[in-house]
Ligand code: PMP
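Coming up is one lone chain in structure tokens, specifically the form predicted on its own.
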Amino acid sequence: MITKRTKSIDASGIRKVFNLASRMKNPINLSIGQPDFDVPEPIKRKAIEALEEGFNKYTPTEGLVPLREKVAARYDFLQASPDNVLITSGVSGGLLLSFLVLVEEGDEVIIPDPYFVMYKHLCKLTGGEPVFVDTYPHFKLTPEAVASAITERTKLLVMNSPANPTGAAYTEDEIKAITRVAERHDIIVLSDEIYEGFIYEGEHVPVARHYDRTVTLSGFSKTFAMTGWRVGYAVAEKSIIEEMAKVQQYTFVCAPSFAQHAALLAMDHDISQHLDRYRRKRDAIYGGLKGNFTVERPRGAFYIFPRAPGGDGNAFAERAIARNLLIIPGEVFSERKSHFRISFAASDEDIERGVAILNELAKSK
């Protein structure tokens, strides 16, 4: 009764932990990938105003023109216009549309390992074949690794910077080197940049600045804590955006109307105070773990991806959960099971308590 394509994918391990948290009594939750601050008040007020003013109906499938204009202006290096922008139902919606439009049966998709969970499963769902490139221990693709993974069937290269689950972020030189390889082989880059607002050293570098055959996905969920509002965007060449919009007509129809109005205001909102707080959280969790764990210091996002003592992230996560601490086994994000993911989008108190438990577990083995 159930299709083979549906059976080819697994339920999200993140959702499993999310559901587990709802049944536990006051867990220390270092598992969920959403900011611990609320949507800024001016953005909430704008959403309420939009609702009260009657913006409760469909928008054009492509999204509100003023919002598309404002997004396009951020990509002036591409000479982007609203025709290059599609407002999506979150970056997750943008990912589904991108895979549906770009990946055909038998196409190979290069995915860095570790990876955000959707990449692997959307690739399979749309008939593609994921080609994983191991990036351990530093969690970044290299041009040599990308080149060695390319075959005549390669269609797409997925990049994610800053990255979930590792917090790794590419420098400008690294992006230039990788996109030169993509350009030589005429491969489209799908660049997930939803965590661009969380970069702790230097600046975020859009992949599209160095390669115009890039589909850039970003949005408002993480930077402005609007995870439940489901507003993202895709920026790409017009022909790709037109096809994505066509598929959106038959799937999401449009992103929520009131939230698009609020997103327009959000693009001018300063969140630097939250960035400073999250930099301190990053430093606290990295400093607290590095003595007992093999761990890379994340440069972006709000995740850290330590190696589990003994190399079994599943067993280590079970031990942590037994102590009322929620973390996610690395196998959810990888073809390996050696690591585990921590989200430091949590209170300082929970971070301190969680680090103490993790160090106790590491020492007791």
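Source: prediction; values computed, not measured. Residue numbers run from 1 along the displayed sequence.
One more form of this protein, predicted in complex with the ligand, exists but is not displayed; see below.
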Within 4.5 Å of the ligand in the model of the complex - does that hold for a heavy atom of every one of T142, Y170 and S191? no
Does any part of Y119 reach within 4.5 Å of the ligand in the model of the complex? Heavy atoms only, please. yes
Can you tell me if T154 lies within 4.5 angstroms of the ligand in the model of the complex, counting non-hydrogen atoms only? no
Indicate whether T166 is a 4.5 Å heavy atom neighbour of the ligand in the model of the complex. no
Partner proximity in the model of the complex: Y195 to the ligand, non-hydrogen atom cutoff 4.5 Å: yes
Can you pick the one in R282, K124, R230, H210 that has a heavy atom within 4.5 Å of the ligand in the model of the complex? R230
Of Q248, S98, N160, T216, which residue is found within 4.5 angstroms of the ligand in the model of the complex when only non-hydrogen atoms are counted? N160
I need the one stretch from 216-224, 198-206, 273-281, 68-76 whose residues put non-hydrogen atoms within 4.5 angstroms of the ligand in the model of the complex. 216-224
Checked 88-103 against the ligand in the model of the complex; residues with a heavy atom within 4.5 Å, sequence order, are G90, V91, S92, L95
